[in-house]
Every structure is written in structure tokens, then in C-alpha cells.
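Quick heads-up: it's one chain on its own, the form predicted alone, in C-alpha cells.
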């Protein structure tokens, strides 16, 4: 589930070095550093403090939702509904706290009430996904694809029901500060993501739930024989993914200062791609929060540099898609090598 065993291999020289790099937990971090060093001569602005702050700002909400996706991939699932959770939570929360006729407008409970509503949306959709996958035996891909389509449409309907414009604005400053403000010189979003990231790491590394998640991802039948409550564990993964997407929605909505039904619409590839690039296996049973951090870092670096190089949006998508495909191929190669060791 973590580093793959190196002992017992017979290869030497370049093959041993290649295998060491291929199985290294820090492969993507090495690639990020190498890529940054390679691109800076062509785009010197990449090394400026302003660009670095923008990279960090872009990383944080993406990392939040990617952490939840990591849990689902570890149990050999996939959650395509996270972008619709982000959109639905955004408009629901905005409808609660907006100063333009919100349910709790101008109330001291507006911000906490809206945040609770947003998290509730994420938990509810995550629980529904988990129920369909574990109790009805439906494939995660189909379940989350259909919930993505349904709640993306529902978010648009919900917005038109509450406003005549395409988004819900006039959000309280106390909420906007979550996405834009800072405390002690550190962005508020970083405090939130760091707290969730550390908690997620501890759950995976130090708890019975973490061990059961890996066991379910490696072999569900064997896990069930060993006494692991497979259905509950898999459902918990989808629940965590929904909650993380909702928290990401809070950060995105605060950053944009508006609730919009198209929030997160274009980042699904980035979310799954960052987790896979980091090293979490599409086949389940392997993944770490730290690897997801590396994957998000690499993807945001790549995205930022390509845009600063003046490439068209089409080219950016094509290159990012190729990189994610390469990461998936490497994952398959690593899995095959690991099976031979």
C-alpha cells in the first residue's frame, strides 16, 4: 500500500535505478522539481513570488477535493460526482447566506448555517453514491456519472429558482474571507486544507478504517473473509469524498465571492488526474495523501507553465490529458512489476 518492496530483485545497474525511480514514493516530487527547473529559463516569471502564490492558491481547493477522491480510488472505486457536489453545495450555501433574500440573510447564523448546509449536501450525495454501490451492487462509474449529471442540472434549476441571474452573489464578508483572507500571514484556505490533509493522512496510516480501506482495495473477497465490513468501508470512502468536495466548494465559493451552478465544472480531469499522477492506483489498494499533494503540485505547475507559455486552451487540455494517460500507464506498469516481486 505504501512503498513497494525492492529486495529480492535480480536486476542491476540502469534497470535497478529505473526500478528505484519507478517505485519511489517521491517520484512525482522529483518530476515536479525537475519540470520547474526546466521551464523557468523559458518563463522566468514562474519563479516570482506572485506566481508562486497563485500556484498555491490554485492548489488548495483542488487538493481538498483530490484528498476525498484518494479514499475512493484506494477502495478501487471512482467518484465522478465531485464536481456536481461542488456546484450544488455552492448554490445551496449561497442561497442560505446571501444578502439578497437568503434564508438566513443578515443573521449571525448565516455563515455557519450556510457552511453546514454545504457539508450536508456533500455528505448526502456521498451517502447516496455509497448506498447505490454497496447495497444495490451498481458500478461506481455509472452511479457517480448519473449523480453528476443529475445534480449538475439540479444546481442550475436551484439557482434559477432563487435568482434571475446566473449566480447567487452578495455573500457575507465573513464567508468570503475563508477563500481570500489569511491568518498570521497564512491563507485561511491553507489552514483548512492542512487540517483536513493531516486528518486524512492519520485516518489512512493509523486507524483501523485506513487498514480496512486498503484491504478492500486489494481484494474485497479476502477482506470480507478476514472480517472486514466491506460495504460499510466502501460507503465510508464515498462519504468522505462527498464531504471533501463540499469543503472544496466552500473554498471555491469564498474565493469567487458567489455561488454558481457551474463551479468546478471543468476540473474533473484535474481531480482524478492529480490523484493518479501522484501514484494512487486506479486498481485500488495503494495510495497516500502525500502522493496526492505531489500530484496536485505537478498538475498545477504544468497548467500554470503552459498558460504562461501562451499555449491555447486546446493545447493545454491535450498536454494535460497526455500526462495523465502516461501516469495511468506507469500505474499499470508498476502494478505488473509489483505482482512479479
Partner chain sequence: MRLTRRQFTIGTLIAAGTAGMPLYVKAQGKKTIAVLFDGLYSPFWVAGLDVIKQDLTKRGYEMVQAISDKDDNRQFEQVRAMLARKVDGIIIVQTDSNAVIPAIKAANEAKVPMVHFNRPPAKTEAFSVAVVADNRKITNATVEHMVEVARKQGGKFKAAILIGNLGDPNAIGRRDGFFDVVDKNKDIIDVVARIPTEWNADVAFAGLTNAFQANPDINFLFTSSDFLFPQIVQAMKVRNKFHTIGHKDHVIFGGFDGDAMAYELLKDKYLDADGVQDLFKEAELAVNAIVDLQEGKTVDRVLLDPGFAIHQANLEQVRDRMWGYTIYKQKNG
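Just so it is clear, the model here is predicted, and its values are computed rather than measured. Numbering follows the first chain given and starts at 1.
If you look for the form predicted together with the partner chain, you will not find it shown, but the lines that follow are about it.
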Review point. Of these, 260-268, 105-113, 137-145, 205-213, which stretch puts a heavy atom within 4.5 angstroms of the partner chain in the predicted complex?
Key: 260-268
Review point. If you check in the predicted complex, do 84, 175 and 283 all have a non-hydrogen atom within 4.5 Å of the partner chain?
Key: no
Practice item. Tell me, yes or no, whether residue 218 is in contact with the partner chain in the predicted complex, where a contact means a heavy atom of each within 4.5 Å. Key: no
Practice item. Consider residue 151 of the chain shown here, and say whether it contacts the partner chain in the predicted complex, taking contact as heavy atoms within 4.5 Å. Key: no
Check your understanding: Does the partner chain come within 4.5 Å of any heavy atom of residue 326 in the predicted complex?
Key -> yes
Check your understanding: Is the gap between residue 201 and the partner chain in the predicted complex 4.5 Å or less for some heavy atom pair?
Key -> no
Study note, to complete from the structure: Assert contact residue (the partner chain, in the predicted complex, non-hydrogen atom within 4.5 Å, options 117, 76, 256, 80) equals 256
Review point. Listed by sequence position, which residues of 160-197 have a non-hydrogen atom within 4.5 angstroms of the partner chain in the predicted complex?
Key: 164, 165, 166, 167, 169, 180
